[in-house]
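In structure tokens, the next block holds one chain alone, the form predicted alone.
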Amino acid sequence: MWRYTFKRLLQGVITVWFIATATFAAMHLVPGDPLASDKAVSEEIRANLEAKYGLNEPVWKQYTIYLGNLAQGDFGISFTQKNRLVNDIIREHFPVSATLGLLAVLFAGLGGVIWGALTALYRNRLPDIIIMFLVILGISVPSFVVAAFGQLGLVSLNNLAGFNVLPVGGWGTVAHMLVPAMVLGLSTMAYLTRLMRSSMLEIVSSDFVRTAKAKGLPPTRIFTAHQLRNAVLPVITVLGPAIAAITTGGFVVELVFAIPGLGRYFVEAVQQLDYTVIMGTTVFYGAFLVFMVIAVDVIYGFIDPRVRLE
């Protein structure tokens, strides 16, 4: 097990290096000048800024400096936000995105397991048809459309009630988090529902379930101890990447609901060609995703005794 864990960590480091290299190359291929919008116009000041950011060095040397800084956990200084480190931006705003993402994962995980189990129990009947229709909608409709309708629904609800039942935007309380978390986790819940349904249908016809029924075990115990427990394993497998994808993929939701998460700063950095913020947040998101995938792979080996990762 330790050998497998070390090998997966080594693969993760190589993957993060590839992400960092690809991001560096992409930023140097993008047309535009990161200092073009700077108020300083004199050649002397511009030369000082280029020296400060290392832009006057050859590309290979910039790449060496970039990797050296990454190895030390230093993502550099923002081009557009004066005297502000990219590390500080991540440290201050990623917890907001992480909190919203964890609530969305909780909503998606519980909903996916419950709805998936129900569709399997009522296969080809009305509950199954209704839930699967909603699942297809949840997967097909883009997140920005769901976010817009979610905010419109909040406005209508508040107008009907005559007071703010739930805030339309902003951040700070649990009430601010509920609707954005549901909107963010909706597509993942739909995917987990389909996965849970397929897994449950496979488990229902397995030999050990038939044996449990032949032994006369109560249906409730068969469902919880044999069917649900084994059917949830594939859901756990994809939960790590789902956590990372939700936590790092809430850009649109954060913009629509005016949430001060890291996604908003990433979008603004792309619009303003803030190279250091783009590269820093991209590498950070990539490393977070790789770590979650490795963590789930390792945990899965402990959860399922049938798996021998070595």
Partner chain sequence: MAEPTYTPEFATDAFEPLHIHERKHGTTRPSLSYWQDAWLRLRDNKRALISLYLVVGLLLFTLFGPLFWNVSPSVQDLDQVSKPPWASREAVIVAPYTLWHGETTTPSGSGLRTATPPNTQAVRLLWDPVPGATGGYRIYRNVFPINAQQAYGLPLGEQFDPNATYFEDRLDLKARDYYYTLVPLDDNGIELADATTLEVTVRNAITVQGALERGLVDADSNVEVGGRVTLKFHPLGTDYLGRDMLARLMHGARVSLFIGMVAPLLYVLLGVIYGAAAGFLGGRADALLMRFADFVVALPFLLFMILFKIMFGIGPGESGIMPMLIAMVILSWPATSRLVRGQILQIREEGYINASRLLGANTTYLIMRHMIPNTMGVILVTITFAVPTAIFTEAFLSFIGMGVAPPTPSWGSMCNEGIKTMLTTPHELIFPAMFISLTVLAFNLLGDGLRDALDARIRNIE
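Note that this is a predicted model, so its numbers are computed, not measured. Numbering follows the first chain given and starts at 1.
Another form exists, predicted in complex with the partner chain; not displayed. Remarks below refer to it.
- Scanning Ile236, Leu106, Val145, Ala71 against the partner chain in the model of the complex with a 4.5 Å heavy atom cut-off leaves one residue, Val145.
- Listed residues Ile130, Leu110, Ala175, Val141 were compared with the partner chain in the model of the complex; Val141 is the one with a heavy atom within 4.5 Å.
- Of the candidate stretches 149 to 157, 113 to 121, 88 to 96, 71 to 79, only 149 to 157 has residues whose heavy atoms lie within 4.5 Å of the partner chain in the model of the complex.
- Although the partner is absent here, Thr282 lies within 4.5 Å of the partner chain in the model of the complex, judged by heavy atoms.
- Interface membership of Leu255, defined by any non-hydrogen atom within 4.5 Å of the partner chain in the model of the complex, is confirmed.
- Put simply, Val59 is far from the partner chain in the model of the complex: not one heavy atom of it is within 4.5 Å.
- The partner chain in the model of the complex comes within 4.5 Å of no heavy atom belonging to Tyr63.
- Residues are counted as partner-facing when one of their heavy atoms sits within 4.5 Å of the partner chain in the model of the complex; in 89 to 105 not one qualifies.
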